[in-house]
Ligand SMILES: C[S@@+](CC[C@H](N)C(=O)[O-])C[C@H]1O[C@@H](n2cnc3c(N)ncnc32)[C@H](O)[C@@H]1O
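Given as structure tokens, the chain that follows is alone and in the form predicted on its own.
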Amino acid sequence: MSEEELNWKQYLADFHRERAGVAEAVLSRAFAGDHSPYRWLARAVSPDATVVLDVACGSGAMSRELAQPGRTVIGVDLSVEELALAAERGPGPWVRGDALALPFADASVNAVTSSMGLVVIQPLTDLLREVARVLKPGGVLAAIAPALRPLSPKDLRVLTRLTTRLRTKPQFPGPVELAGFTRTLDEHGLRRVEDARQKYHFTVHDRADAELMMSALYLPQTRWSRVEAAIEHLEDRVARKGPVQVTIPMRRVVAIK
């Protein structure tokens, strides 16, 4: 199957039906110092933001991270299974909706957050149009997305050994480095005020950790035998040398309407 023939909509629906909560399970255990990517994203939202919309909320990690007295955090996602898991873990509210046609009034929220949504929800320009529509003047978009850097030579060696066994890299519907992102923000009345990078480490202690991490990757064109080879590689590394740190580079962008 070529990339052009890949039905991302169906792949994502199947992935999140079968593996609801897996992204949170990995990212909540990925750390840079004392914080996870979710905490890093939450820090970009002002304490004064009383209504926050979390787009592509998944199992609700950001809603719980952002919770504070006097604030309403609304989680929006297409996946029924992810929303059901979110509802088990937090109070919501939870809304099943399309990020490209958000079911909210114009200028109705103080902030919009999204973990991974910028590379998953496509076309990006349509997503940003909707974000700009629902944000109040002065409102903030804060999002995190996977990145290609920063990576040290040691980080690269670990990742290269995995991708060699997979014979591919994790894929997303949109470009990882968000080509032309600032221009697209400008087109929708959003001014970028931050573009920062951070690298997180997920530590693999045993086979279960390796299976968890590999199951969280979008690998739509990869045979299971290749995934198993990567899992076995990590398992072997742990047995020989102890826990393995797998680096997850992330990018945080913040824009104001």
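For clarity, every value in this text was computed on a predicted model and none was experimentally measured. In case it trips you up, residue 1 is the first one in the sequence shown, and so on.
The form predicted in complex with the ligand exists for this protein as well; it is not shown, and the discussion that follows is about that form.
- Checking Leu178, Ile121, Leu162, Val134 against the ligand in the predicted bound form, a heavy atom within 4.5 Å turns up for just one residue: Ile121.
- Only one of Leu27, Met214, Leu66, Ala49 lies close to the ligand in the predicted bound form, with a heavy atom inside 4.5 Å, and it is Leu27.
- Though the partner is left out of this view, Pro91 does not reach within 4.5 Å of the ligand in the predicted bound form, counting heavy atoms only.
- Of the heavy atoms in Val109, none are within 4.5 Å of the ligand in the predicted bound form.
- In the predicted bound form, no heavy atom of Trp40 sits within 4.5 Å of the ligand.
- Among heavy atoms of Pro170, none comes within 4.5 Å of the ligand in the predicted bound form.
- The stretch from 162-170, 110-118, 181-189, 135-143 that comes within 4.5 Å of the ligand in the predicted bound form, counting heavy atoms only, is 110-118.
- Contacts between stretch 83-99 and the ligand, counted in the predicted bound form as any heavy atom lying within 4.5 Å, involve Gly97, Asp98, Ala99, listed in sequence order.
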